[in-house]
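Shown below, as structure tokens, is a lone chain in the form predicted on its own; questions about how it binds or moves come after it.
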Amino acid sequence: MPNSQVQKNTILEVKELNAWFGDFHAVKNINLKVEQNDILALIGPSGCGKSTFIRTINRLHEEVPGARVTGEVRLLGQDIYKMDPVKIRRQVGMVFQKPNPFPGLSIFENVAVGLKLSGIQRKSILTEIVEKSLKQAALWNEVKDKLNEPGTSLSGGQQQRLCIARALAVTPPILLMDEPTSALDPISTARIEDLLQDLKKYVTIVIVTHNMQQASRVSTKTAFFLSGELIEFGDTSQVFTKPNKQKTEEYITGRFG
């Protein structure tokens, strides 16, 4: 029978990546590939290097005094450490643990801010992209009649979806999410999890989570980090049901962490 699998494009390729804070070796010799439309969950105990790893992907790590990186991170084939960091951050969206809409800006302006910084000023184009982004973030129906109200006036869950819309507006090929639901209530968390399944049609997602159930529900691939090392990486169904490494099984079953 012919092979029916669709060949996916590699969005992100990481080779021998190391990251330090001063003398502390936080991320050690990471090698992995993330393919188009994957949702990659990064799991592991606190302090194992997950958040540091994703901050190397959008070059936020190097903003910390004393921090440094070696190795390669290729986004769509280009080495991000040989590119302008500002350009990289336009291509790598970031959603943080706590919602961070820009204070003093309206809902509309919060979504449009990245577009304006990239040179788009025409109101008709901004309006079209803002609406599209809010729809992609499953927020449009809740805010379409109050776009001029402050972004900070929304509930916590709505603010996080606003931040997702803001990241999507500049059409990044990859979206990084650092524990995006840890500060939210269960209903808002479920909304975000449902949203991720729709978003992977448009964007590749890397999500840091401490919630094993969340990782198993939302992701297609899982990477288990421990003490800065990548212990296991593979299809989520395999990692959670038949892990190759004993440490992975011990962590997933709650024997440590």
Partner chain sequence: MNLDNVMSVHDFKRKVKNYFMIGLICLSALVAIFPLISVFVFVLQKGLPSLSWDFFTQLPAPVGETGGGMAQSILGSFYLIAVASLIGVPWGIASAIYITEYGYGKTVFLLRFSNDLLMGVPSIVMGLFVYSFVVAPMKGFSWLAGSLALGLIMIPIVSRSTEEILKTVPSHIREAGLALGIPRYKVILHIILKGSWGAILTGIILSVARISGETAPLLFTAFNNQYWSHSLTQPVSSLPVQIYTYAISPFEEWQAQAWSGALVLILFIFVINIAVRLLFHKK
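Numbering follows the first chain given and starts at 1. Here the structure is a predicted model, which means the values were calculated and not measured.
One more form of this protein exists, namely the form predicted in complex with the partner chain; it is left out here, but the text below deals with it.
The candidate spot formed by M94, G114 and A167 is fully in contact with the partner chain in the predicted bound form: every one of the three has a heavy atom within 4.5 Å. With the partner omitted here, the residue from K132, R74, R89, K146 that has a non-hydrogen atom within 4.5 angstroms of the partner chain in the predicted bound form is R89. For the candidate set S188, S51, N58, S216, a heavy atom within 4.5 Å of the partner chain in the predicted bound form is found for exactly one residue, namely N58. The closest heavy atom approach of P101 to the partner chain in the predicted bound form falls within 4.5 Å.
In the predicted bound form, A183 stays away from the partner chain, with no heavy atom inside 4.5 Å. Interface residue remark: L105 is counted as part of the site for the partner chain in the predicted bound form, having a heavy atom within 4.5 Å.
In the predicted bound form, none of the heavy atoms of E179 sits within 4.5 Å of a heavy atom of the partner chain. Partner proximity in the predicted bound form, defined as non-hydrogen atoms within 4.5 angstroms of the partner chain, places exactly one of 208 to 216, 35 to 43, 223 to 231, 60 to 68 at the interface: 60 to 68.
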